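One chain comes next, on its own, written as C-alpha cells: the form predicted alone.
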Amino acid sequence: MKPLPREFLPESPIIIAHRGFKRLYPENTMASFEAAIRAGAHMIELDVTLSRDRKMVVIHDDTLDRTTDGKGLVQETDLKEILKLDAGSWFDSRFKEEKVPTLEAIVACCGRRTFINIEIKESAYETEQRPDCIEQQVVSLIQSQKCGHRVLISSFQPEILFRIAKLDSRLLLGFLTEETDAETVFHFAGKLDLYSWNPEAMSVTEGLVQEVHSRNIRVFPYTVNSVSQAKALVEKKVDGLFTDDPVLMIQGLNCFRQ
C-alpha cells in the first residue's frame, strides 16, 4: 500500500472536504477550499474538466448553469468567458466575487498546505489521446509543481486512470464507483496499482472493506454528512470519508474517539 507522507498522515479516518466546505460555501471555489483547510480537513476534493480552448477548469457539472450565472456546456465555452462568470451568488450573495478557478490556481494556492484529490470528470475523457488531453495536462501540472506526493487522482472512468498510470506510475490513483461491484473493483485493482477505492457510502460493508484492505487498497466512501453514518463507517474500518462539512465530521469523530 503506497504511504502518504508521515507529516500529513492523520489518525484514520482521513477527512476529505468534498468540493471544499460545500455545506457553507459555494462548491469548487477558492473560498470553499480555503474554508476547508482552515476547518482542519486533511484533504480537499475537486472536479476538473476542460474548457473549449482546452484549459483545466474546476467545476463539477458539465454545464455552467447550476453553479454560475452562465449558460451552456463548459466544454463549449472558452476559459476567458468562464473566468468572467459569478460562481458564488447562486449559493449566497455574500460570495458574488467568487469565480470558477483553474486547476493551476488551486494547486498553486493549496498544493503545499494540504492533500488534493483531483477527480477528472468522465466527460473530459477522449478516446484519442491528444498531446493536450486532460490526463497529460494534469500530470504535467503536478510534475511542474512537484506535489505528486500530496495528490490523489480519481475518476469513475478507469481508462483515465490507466492513462495517468502510463504517464506517471508514481501518482496515487482512486477508483470511484456508484454501485457496489467488487469484481469490477478487483479487476481494475489487478491491472492498476490503486491507492484507494472511493465507493458510494451506502454500499460499504465491513466484509467489502476487509476484502479491499487485503489487496492493500484504502477505502474512502462518499458523501458522508451525518455523524451517525460516519461512526458506522469507522466501525467498518474505512480509511477516510468524503464530507460536505469537515467541521461536523472532525468534531463528531473526536467525540466518538473519547
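In this text, residue numbers run from 1 along the sequence as written. Computed from a predicted model, the values in this text were never measured in an experiment.
Note that the form predicted together with ligand G3P isn't included here; everything after this is about it.
L176 is the sole member of I134, L176, A165, V151 with a non-hydrogen atom within 4.5 Å of ligand G3P in the predicted complex.
Contact with ligand G3P in the predicted complex, judged as any non-hydrogen atom within 4.5 angstroms, is confined among 42 to 50, 224 to 232, 211 to 219, 188 to 196 to 42 to 50. A residue is said to contact a partner when one of its heavy atoms sits within 4.5 Å of a partner heavy atom; H60 meets this definition for ligand G3P in the predicted complex. Though the partner is left out of this view, F21 does not reach within 4.5 Å of ligand G3P in the predicted complex, counting heavy atoms only.
Looking at E119, you'd find a heavy atom of it within 4.5 angstroms of ligand G3P in the predicted complex.
Among heavy atoms of W90, none comes within 4.5 Å of ligand G3P in the predicted complex. Looking at 228 to 247, the one residue that comes within 4.5 Å of ligand G3P in the predicted complex, counting any heavy atom, is F242.
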